[in-house]
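In the block that follows, a single chain appears as structure tokens, in the form predicted alone.
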């Protein structure tokens, strides 16, 4: 009997086929431009099956990234409270993830991103679409400044993760989280809400 072609049925291989197609789409097109329909077509499944396995595009992206946590569950606590404390709360929450058992997956992703452009693209999309956009859109800053502010915040957060968990530079590697929150938080706050007029003018 001839083998059937066309859309894949719902079987254990289907989920991995969708994830493979999603990783390629998100890396090549970015989170915003990648569509569930296009990902489903690449995986040879019905778009409804993608929703069945993963629910939303955000959840599919997190699964494709093998993200250790869902930012949607953590960012409300970062954004709760006064505007001037967002930087410290962001660093504290970030360290809480990276210093936990779940952070091992993040460290693996970071190591891979250093040497693999495909993974680096996914990490960039994760930071922009899942973390920084959500935070910055709630802070009432000039939309024209968002890309620079987001990039500066990312430089601090990823740099901190690299020094603490990959390069393990002392005393950052063994410092108490609150020590790092106190040291790095104000810098992140300046990047989020401070006056960047002189930087932008240059």
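These figures come from a predicted structure and were not determined experimentally. Residue numbers count along the first chain shown, from 1.
Another form, the form predicted in complex with a further copy of the same chain, is not on view; read the next lines as being about it.
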As a check of understanding, the residue in 152, 67, 49, 36 with any heavy atom within 4.5 Å of a further copy of the same chain in the predicted bound form should be identified as 152
Have a look at 42, 63, 139, 162 for me and say which one sits with a heavy atom within 4.5 Å of a further copy of the same chain in the predicted bound form. 162
Are any of the heavy atoms in residue 193 no more than 4.5 Å from a heavy atom of a further copy of the same chain in the predicted bound form? no
According to a 4.5 angstroms non-hydrogen atom cut-off, is residue 28 in contact with a further copy of the same chain in the predicted bound form? no
Using a 4.5 Å heavy atom cut-off, state whether residue 183 contacts a further copy of the same chain in the predicted bound form. yes
Please check if residue 120 has a heavy atom lying within 4.5 Å of any heavy atom of a further copy of the same chain in the predicted bound form. yes
Judged by heavy atom distances of 4.5 Å or less, which residues of 92 to 115 approach a further copy of the same chain in the predicted bound form? 110, 111, 113, 114, 115
